[in-house]
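The chain below stands alone and is given in structure tokens; this is the form predicted on its own.
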Amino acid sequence: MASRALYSPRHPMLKKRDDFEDILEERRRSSDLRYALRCYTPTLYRGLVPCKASMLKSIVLQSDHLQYVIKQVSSESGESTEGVSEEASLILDEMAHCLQLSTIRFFAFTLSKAFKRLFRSVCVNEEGIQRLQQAVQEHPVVLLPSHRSYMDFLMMSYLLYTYDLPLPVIAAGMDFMSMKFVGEMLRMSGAFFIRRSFGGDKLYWAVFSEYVKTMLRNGYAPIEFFLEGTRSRTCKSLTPKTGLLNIVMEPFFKGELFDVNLVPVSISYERILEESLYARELLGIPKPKESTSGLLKARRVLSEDYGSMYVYFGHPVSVRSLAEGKINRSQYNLLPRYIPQKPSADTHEFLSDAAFRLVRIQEENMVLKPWVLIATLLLQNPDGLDLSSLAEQTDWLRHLALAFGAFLDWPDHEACSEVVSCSLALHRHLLSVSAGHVQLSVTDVPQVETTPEEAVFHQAVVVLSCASYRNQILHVFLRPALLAMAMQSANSNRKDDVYNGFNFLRKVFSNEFILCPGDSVQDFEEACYLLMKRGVLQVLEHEIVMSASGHSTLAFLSSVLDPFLQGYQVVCRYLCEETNENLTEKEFIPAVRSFALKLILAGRLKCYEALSSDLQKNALAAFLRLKAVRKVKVGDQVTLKVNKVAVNSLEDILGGKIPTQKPILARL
């Protein structure tokens, strides 16, 4: 199998990244049937032979923890313990996986065929696989992949089978159970099904948590779940959820396991299968329900070219090391282990901090293709660019991204113009190229007369599809971009003033991007360092001064965040001008979308990203956090009450009047 290295100059010296291996190269040369039926002898945790799925259910149902909760629920509800036990058994039957090697072999064969049709290459870091092989023998392993596509969990199981690693058991949403035949096939390939929310269902939570912890304690198989909870429709990392993370850490907290290895996995796509589907969802078109017939209709994707896919297995993260000095485990000895305990405030803080840092590791290990740079430039130039100018700017942006630590896969010994042309060809469905001029454009709309609203919708699909690629590199530019925007708005070179502006923007956008709580000063220093290294800034004792050559870099960085700024300003304007006393939370996103559409049709707004439901949802979360909006429950509905003075103030601030009066409280 061919291998190659990727580089990222995160330090002054070029840092060599792990070697990558294209697993499809071997698949194209040999029999898929022989591959599927080969001898499969995975490395096991401490050499233990996993128990059967039926035995696993029995252990869960007889556990002290579940028996305690059954008695508790029985006492509270008045139902007999036998009745509650039967209910627990039914929950477990609905939830539990039924992993069978024969089903895995079927998927190995069919997915080999599909992947060879879909992708030019599927590249995996060899050192990451070696680290994982070692980790699964030492301690129970939890796999934490990023989540951008339904393809993610299929590819994870496929790779572990390929490399003779134990097959994971995967937390999956109940949506898949409605798929006839396919749902059961997924169950037999290691999926266990959970509800999207448990509400206050104490019994369901007890069955679920005990099931996961039993598999972990017994070293049954690596457990796999998505920290973000769901697929990211924007291809930005989502704010992580901590419920499952707490469950897999609890056996360590309670002294039932010496350690647990968390393995962040970064999965990146040169072209995303659900690209246009995501854009339509963000514009209010409901997600198609998962169904077998829908899967069969989706076969046409097999005739498309989706470029390359990269899977990077990160370094295992020890829960023991993470918790050292942060978690007082003696608090878990105050009650018998089987009695459920709510996490303390310190534990909540630890879980949140760990989750954010794990997602940041996922981001930093994302392999980026040249198209993400091109998409960034085309979004900043809606009227398009000449090919020669696009190639020149892409080359400039490549060097900036590498200087900021981007994990960029750039073809060796190829002219930039050639690299750009290849990328444009792969994403031609989003572009028009005419007389050497490149522009984002609707190319696949039916040739019928459309209304102005439909024309906006079609263009917004293209813009949001392209933005999903720009979003993949935002983590590289985010902190310098926040600093550039703060400098632009502060009207002062004083370091304190710039920091206050930076910190305010960081707070506003903390639902939009992965910004670790409590890291404001560290992020500010990182931004200063990166821009100093590029010669963009001089950071003096009390001042930050832009260098003579730094204007173009700062202008580009400010433009990166401009769509988000404009989107939040649109939400502010809606809340001040259009909202009524009885606006419900459910009505909010359709109402803001309609308001933004009117502004676009009137020529008062050119930012199509303001139509995105994800941006609108994040803006509302920020305004709730900043006390500009509050929720009031009226009957069965949640109504939004707007503090128009606070919202007007926010709009002024986002428009460039960032306050600088507060003294800096942290070390700079």
Partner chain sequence: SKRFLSEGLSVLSQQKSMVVYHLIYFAIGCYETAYKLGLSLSFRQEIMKWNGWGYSDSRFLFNKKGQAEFTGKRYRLSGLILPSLKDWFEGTFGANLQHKSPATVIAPPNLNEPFIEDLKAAGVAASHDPEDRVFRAHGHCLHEIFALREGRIGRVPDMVVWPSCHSDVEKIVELACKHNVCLIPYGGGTSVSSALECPHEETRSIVSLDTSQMNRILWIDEKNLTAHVEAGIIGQDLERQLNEHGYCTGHEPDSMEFSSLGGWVATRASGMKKNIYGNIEDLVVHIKMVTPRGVIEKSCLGPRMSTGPDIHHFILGSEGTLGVVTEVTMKIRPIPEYQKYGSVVFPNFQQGVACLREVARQRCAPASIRLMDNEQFQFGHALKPQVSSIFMSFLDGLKKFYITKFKGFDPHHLCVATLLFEGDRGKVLQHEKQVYDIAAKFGGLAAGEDNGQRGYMLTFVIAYLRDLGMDYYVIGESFETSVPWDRVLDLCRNVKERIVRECKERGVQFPPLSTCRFTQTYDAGACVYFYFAFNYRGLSDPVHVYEQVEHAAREEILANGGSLSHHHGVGKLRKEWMKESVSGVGLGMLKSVKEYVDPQNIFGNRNLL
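All values reported here derive from a predicted model rather than from experimental measurement. Numbering follows the first chain given and starts at 1.
One more form of this protein should be noted, the form predicted together with the partner chain, which is absent from this view; the next part is about it.
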The listed residue (Asp519, Asp175, Glu543, Asp259) that reaches within 4.5 Å of the partner chain in the predicted complex by any heavy atom is Asp259
Position in contact with the partner chain when the complex is considered in the predicted complex, options Ser344, Thr451, Thr584, Asn333, heavy atoms within 4.5 Å:
Asn333
When the contact criterion is heavy atoms within 4.5 Å, does Gly535 count as touching the partner chain in the predicted complex?
no
Hey, in the predicted complex, is His139 touching the partner chain, heavy atoms inside 4.5 Å?
yes
Heavy atom of Thr103 within 4.5 Å of the partner chain in the predicted complex
no
Test of understanding: in the predicted complex, would Ser318 fall inside 4.5 Å of the partner chain by heavy atoms?
yes
Looking at 352 to 360, 142 to 150, 385 to 393, 248 to 256, which stretch has residues with any non-hydrogen atom within 4.5 Å of the partner chain in the predicted complex?
248 to 256
